[in-house]
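One chain comes next, on its own, written as structure tokens: the form predicted alone.
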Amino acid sequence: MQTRSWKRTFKNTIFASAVGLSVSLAHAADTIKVGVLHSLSGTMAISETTLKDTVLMMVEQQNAKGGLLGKKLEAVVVDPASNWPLFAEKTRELLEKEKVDVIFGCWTSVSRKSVLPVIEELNGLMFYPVQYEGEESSKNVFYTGAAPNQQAIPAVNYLIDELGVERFVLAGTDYVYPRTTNKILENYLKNLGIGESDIMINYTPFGHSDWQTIVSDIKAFGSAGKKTAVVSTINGDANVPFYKELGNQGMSAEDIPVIAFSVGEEELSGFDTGPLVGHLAAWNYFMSAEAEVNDEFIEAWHSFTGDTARVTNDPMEATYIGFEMWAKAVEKAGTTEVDKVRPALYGTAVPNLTGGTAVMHTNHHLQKPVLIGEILEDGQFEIVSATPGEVIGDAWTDYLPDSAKIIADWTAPVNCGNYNIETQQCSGQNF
């Protein structure tokens, strides 16, 4: 009797497990998984946490519209914790274990470079939403942030043409994005006739906090009788003590303006912005942009977060654009299969949040407007300059000799992200 009872219980357990497994598999088949790969802790959490929230809002909105292909979307969030090798591990986890259909993630270029080999090996699909140094085009990544010709070069042109700047401090965090961007800018400035003695370059580690000596050096560099400006590629929470030290040493925007590529509304929300009024940032979107679509986005953001004090910023817009493009491409392809979604993305157009249109080009970069904003006391930006239309992102800069002869085009006959127009050979990844 006990043996029969044990056997019956065992059979029932096996049956229940099988039923549970089939229900689980059916549930998995009925959902589309969206990976979220952003630092929620560590030095980059100040910037990346908001992008995680943005993806969650987009998933919620898409589900409210009925999902995609008759399936609900499910966000899978991981925390790479501002640890660059961990980004690669978390990417593998998302693709191999969680079986996500797409990833929205990374901020720093060093994290993106860490992810790249994994996402190419496993043929994943990632949307990268932050300005970067260019010099890259992967068939598995769509770059919805700015390339140097959509941010860094126009920013320097503004300083020269509008403010009469003749001396430049290129100040950055010590990793690939600032170093490559500053190499491009140094070449560009020299091509314009700016002498080497009028260019000061400085790098500091992630999370750097002691800015007293560096700011003193910048003040001294700016005292040579020529109009001087700082071009800042300082990233993450190091910006807080940097800007604080500017105020401590009375370095106003009238004396030596700072134009930043990684400081937006989210970062400023943690600052005492009083001493920063008049300093600048170059982006492709500001929360202050006057457009009906922007008003609707801000309203949706406040509704989702339940906090009307929450700001929006440029990488959020780039995340929104990437998500909307991916959703349209999935509907067009009729599947989430990467090899079918990727070509469906080419030429896909969605409204940007400044009143124009974002279009995905075959080099995996967008066309974007370029805006210069001036910091206001409330932490918002007054837009003081804007291109008349959108600028197409250039994957390979014209201002480095080796890169000037490289193009990216993921359609036939090139099918390559690193094609040398002189040798007519692809030296990078291709199909």
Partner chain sequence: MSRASSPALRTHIMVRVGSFIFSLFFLFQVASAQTFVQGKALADASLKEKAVWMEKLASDDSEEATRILQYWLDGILVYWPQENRLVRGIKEGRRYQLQDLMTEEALGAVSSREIDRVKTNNSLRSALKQVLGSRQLGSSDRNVRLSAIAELKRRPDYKVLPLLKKREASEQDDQVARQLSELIGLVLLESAEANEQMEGLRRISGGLSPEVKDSLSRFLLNPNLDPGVVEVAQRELDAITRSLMYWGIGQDLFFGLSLGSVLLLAAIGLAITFGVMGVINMAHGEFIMLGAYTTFVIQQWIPATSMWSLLISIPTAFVVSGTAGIILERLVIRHLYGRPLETLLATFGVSLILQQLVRTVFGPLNQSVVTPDLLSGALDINAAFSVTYNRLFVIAFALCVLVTLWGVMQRTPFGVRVRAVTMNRGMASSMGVQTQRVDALAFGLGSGIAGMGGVALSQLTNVGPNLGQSYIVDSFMVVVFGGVGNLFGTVFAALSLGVANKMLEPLSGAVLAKILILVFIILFIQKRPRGLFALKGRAAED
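Quick caveat, the model's predicted, so the values are computed rather than measured. Positions refer to the first chain, counted from 1.
The same protein has a further form, the form predicted in complex with the partner chain, not shown here; the description that follows concerns it.
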**Asked** With the cut-off set at 4.5 Å between non-hydrogen atoms, does residue 255 touch the partner chain in the predicted complex?
**Response** yes
With a cut-off of 4.5 Å between heavy atoms, is residue 196 one of the residues that contacts the partner chain in the predicted complex?
no
- Item | Interface membership of residue 213, the partner chain in the predicted complex, 4.5 Å heavy atom rule | yes
Do residue 71 and the partner chain share at least one heavy atom pair within 4.5 Å in the predicted complex? no
Answer among 338-346, 204-212, 118-126, 98-106 for heavy atoms within 4.5 Å of the partner chain in the predicted complex: the stretch 204-212
Interface check vs the partner chain in the predicted complex: of 63, 43, 363, 403, the one with a heavy atom inside 4.5 Å is 43
Answer key, the partner chain contact in the predicted complex at 4.5 Å (heavy atoms) among 135, 93, 324, 245: the residue is 245
Do heavy atoms from each of 224, 376 and 384 fall within 4.5 Å of the partner chain in the predicted complex?
yes
Taking the partner chain in the predicted complex and a 4.5 Å non-hydrogen atom cutoff, the residues of 227-243 making contact are 227, 237, 238, 240, 241
